[in-house]
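Shown below, as structure tokens, is a lone chain in the form predicted alone; questions about how it binds or moves come after it.
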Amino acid sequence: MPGGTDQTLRPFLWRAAKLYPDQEIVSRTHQGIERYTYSEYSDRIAQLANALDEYGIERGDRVGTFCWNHHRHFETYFSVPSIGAQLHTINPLLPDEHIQYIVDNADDQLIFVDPSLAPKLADAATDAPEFDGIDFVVMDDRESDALDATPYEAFIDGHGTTYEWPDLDETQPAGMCYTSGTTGNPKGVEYTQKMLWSHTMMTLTPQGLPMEDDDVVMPVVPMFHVNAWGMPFTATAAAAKHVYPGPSPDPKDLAHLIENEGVTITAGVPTVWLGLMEYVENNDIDLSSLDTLVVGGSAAPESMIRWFDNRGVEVLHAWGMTEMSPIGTVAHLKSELEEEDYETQLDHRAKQGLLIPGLEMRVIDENDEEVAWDGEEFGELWVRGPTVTTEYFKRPDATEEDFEDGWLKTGDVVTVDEEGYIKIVDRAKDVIKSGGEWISSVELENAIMAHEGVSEAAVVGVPHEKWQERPVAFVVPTTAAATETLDEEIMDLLRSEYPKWWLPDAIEYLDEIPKTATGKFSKKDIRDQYSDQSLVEATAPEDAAPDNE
């Protein structure tokens, strides 16, 4: 294909800088709020590109970032891929051994690091041969006390604000992200220019995460986690105002950014919004600018959706995977559902939703047969499309296991209703098999978290000598909840919705549910800590099997 006609990221920035030069980019930093325009942003990414050239970064090289959500990190998002290099966002919440592995596996040439994360990176790099030959740039105007690193402002200072951007092939790798590695070493996923271009265009549609030039977009989902769900690219393509919440934002930080900057669209995992809800309840905060709150990573409790509905904020459920660039579904209401009653609409909005345009899916059962779209039958979700990778980086073993004939086997067990709405029942490794039948841990968790006395809940299968597995619920009560009565209230709630054999055999109370490096509940950690079979009775009640329902 001739140069200049391929599908690449560069035209998105060109359009924003040329047509909307005065649109703002706002960033919370450790030094306070910083703001500048698309025009100034364009100048700075040209400076960064010139600096990377001088350093010796060549086409195909990988440049790592170890950073929170802020304007300097955003500058790498367009500069690094647009010179033909590959942006590798590294999750700083991973354990040192995983960081060492992915830096070595990716063969990073240079790493940009935040001042607050420099000690963590220094620990991972100490006496680690994986870091030999790698230099560091600290995202600041000052040197780091923890790491021998060049300050970012010194790195780009003196370089020109124009750059002769090369014509790039759409198959050129532009980005890289690694899975969290909960069941072994992380797996690398490469994103080509075309994959990121396609993801941006697909999510800009009304069936995705639509944005306009009058929107104010604040990605709370980390920029180190699958490109903040692609929102920095999408917001730029839409020429929207960007707001970046900076290092470790707490609910107060997020509430005041929404209020002061007029945020209209934001996105993050449910635990972020539970914290915001509590802060808003106890403080005088104006959320009137906020139109849309995108929730992913895990399911939003219906109580959360209702809470934001009552304040005029639409909660959009989204689902995706690192392997998908990442957005795969969004729970928009079909036009025919707009006339239905609120409870019917809520039932659909609480699901993971409909595939975004451009993707295809299959749902496959244990017998390799496609399941009916009846909202009842379970199966594993398979997907394919222009944003879906077909292999892992340097991992043929994992590629063979997770891909088949161009389809990604997601590992998510789902049902699909007659309208095509996907509902994730469980991860394949988390679904509970009791008496030969499946129990959805996710459904039980969502039902338990609907109780006002519950802050967090996770359900895992505990080995059982008779029934193979039985569910046990791990619950974090709210500060006001009395645990002596909470047990029975939770069980009464579950009895009203589920058969007896689904009910947990025990409820254990924790101060906090363990989390993965991406903020999801870590059921692996729970199972490692609480796999003691004594948590359930040696002989479960006779109604613990479906035929005794």
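Quick caveat, the model's predicted, so the values are computed rather than measured. Sequential numbering from 1, following the sequence displayed.
The same protein also has a form predicted in complex with a small molecule, omitted here; what follows describes it.
Select, from the options 318-326, 205-213, 246-254, 144-152, the stretch whose residues sit within 4.5 angstroms of the small molecule in the predicted complex by heavy atom distance.
Within 4.5 Å of the partner lies stretch 318-326.
Is it true that 7, 84 and 168, all three, sit within 4.5 Å of the small molecule in the predicted complex, judged by heavy atoms?
No, the candidate spot makes no contact with the small molecule.
Have a look at 352, 76, 89, 441 for me and say which one sits with a heavy atom within 4.5 Å of the small molecule in the predicted complex.
Of the candidates 352, 76, 89, 441, 352 is the one lying within 4.5 Å of the small molecule in the predicted complex.
Among 297, 219, 385, 301, which has at least one heavy atom within 4.5 Å of the small molecule in the predicted complex?
Contact check passes for 297.
Taking heavy atoms and a 4.5 Å cut-off, does residue 330 contact the small molecule in the predicted complex?
Contact check for residue 330: no, nothing within 4.5 Å of the small molecule in the predicted complex.
Is there a heavy atom of residue 427 lying 4.5 Å or less from a heavy atom of the small molecule in the predicted complex?
Yes, contact at 4.5 Å.
Give a yes or no for residue 520: in the predicted complex, does one of its heavy atoms lie within 4.5 Å of a heavy atom belonging to the small molecule?
Within the cut-off, so yes.
Does the 4.5 Å heavy atom contact test between residue 114 and the small molecule in the predicted complex come out positive?
Although the small molecule is absent here, residue 114 would stay clear of it in the predicted complex, with no heavy atoms inside 4.5 Å.
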